[in-house]
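Presented as structure tokens, the chain that follows is alone, the form predicted alone.
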């Protein structure tokens, strides 16, 4: 019997996995080292500020999605529902609550520290408020809330920026000073922000490489690996700078060689369809979901999910010369904090600029911050671009809501529709 083939991985992907594993190792040792842990969320996170106080960031969504990818979320969700949480509640929340009530053992099998502070940066997802109320009851931990105004008009005003900065000064920084016993160090914060900006430049270069034909990356499935360090605990660190420099060099080499993206089954040999995707991926069947695109020769050249922790390709960079104002602008500009017209503009631009054949929406059952308004988005992007839209449904980490046969049939029908339009001359 022959040995199973080994799919080659980019060196940057191995580096990223080592970084994430090392972070969970650090979290497991926080208490014995006398450090502090702060729970916070991905959109609008203040990682650089946390690092300037020497605290360890814990991100509940990351714990949930990692649990989903490792096949652990089903039991966690069942435990939460048994304790009274509704089927309609965000499955990230139920996964996290179920995990905490089972001993708070993280997805890598190591215990996570209890929070010394719950830092809620509210950026467009009301569920975050209720989630941290539950965690506050679970751990009896203090809570600091950073309320971020919704971009209802599509722009950041001076008043909005000042409102967030004032909260950073009066609420968030004092809370961090209380739990750490350390004074706020703006120079140290600026050093972290300078490293963030450098990494952000390289990330944007990587994501925009998808303009090439063939695209050297998949900006949705592959993209979730690319955004991992910068959206979580590593933004503002030398590790992030090194990772994104290595990733950029790898992608530049793929462009030079005319290679397509690396997939779970190796390099994609032929790019048949270029699509833009709106909405988060499914994590419990992530590779199976990805292979459905690979089987059709479909490459995602741009996605909105990879902007949930920062829309850097719109030009934003963390600015060390304006540290608190820069943090405020970052929080205000996260994708889930943008109004629907701005999201339509972004998707339409992606379809045009990346010369996509169409766009797809993965509507996630339990994620209202993404799913609300998606049918309106679909109709308007179709009208603006003249490219066909498709609609599939799944969930974040609840395996009960991933129907492989249903999704595969819809994808096959969608790509057949693109092919028919091509044959009639309606599309490239």
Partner chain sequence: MTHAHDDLSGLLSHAEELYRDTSFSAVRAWKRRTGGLALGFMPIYVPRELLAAQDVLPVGLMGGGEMEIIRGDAYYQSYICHIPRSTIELGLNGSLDALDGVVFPAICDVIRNLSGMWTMLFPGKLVHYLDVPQDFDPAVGGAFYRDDLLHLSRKIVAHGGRPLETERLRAAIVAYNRANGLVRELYELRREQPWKVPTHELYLLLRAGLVVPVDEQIAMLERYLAFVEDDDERRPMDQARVLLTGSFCEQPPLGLIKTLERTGCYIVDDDFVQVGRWIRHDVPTEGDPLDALVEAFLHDAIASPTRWCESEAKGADLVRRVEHSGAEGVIFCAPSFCDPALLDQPMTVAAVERAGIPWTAFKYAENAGQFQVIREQAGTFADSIKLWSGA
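Residue numbers count along the first chain shown, from 1. Since we're looking at a predicted model, the values are computed, not measured.
There is also a form predicted in complex with the partner chain; it is not shown, and the following applies to it.
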- [ ] Taking 4.5 Å between heavy atoms as the contact cutoff, choose which of 288, 325, 355, 87 touches the partner chain in the predicted complex.
- [x] 87
Open item on the list: Give me the residue from 263, 167, 232, 306 that has a heavy atom within 4.5 Å of the partner chain in the predicted complex.
Closed with: 167
- [ ] Can you check 317-325, 279-287, 127-135, 295-303 and let me know which stretch has heavy atoms within 4.5 Å of the partner chain in the predicted complex?
- [x] 127-135
Open item on the list: Given that the partner chain is not shown alongside this chain, does residue 365 nevertheless sit within 4.5 Å of it in the predicted complex, heavy atom to heavy atom?
Closed with: yes
TODO: Spell out, yes or no, whether the shortest heavy atom distance between residue 224 and the partner chain in the predicted complex is within 4.5 Å.
DONE: no
TODO: Mark residue 163 yes when one of its heavy atoms lies within 4.5 Å of a heavy atom of the partner chain in the predicted complex, and no otherwise.
DONE: yes
TODO: Give a yes or no for residue 109: in the predicted complex, does one of its heavy atoms lie within 4.5 Å of a heavy atom belonging to the partner chain?
DONE: no
Task: Candidate spot 67, 75 and 100, all three touching the partner chain in the predicted complex (heavy atom, 4.5 Å) - done: no
Open item on the list: Could you pull out the residues of 378-415 that have any heavy atom within 4.5 Å of the partner chain in the predicted complex?
Closed with: 379, 380, 391, 393
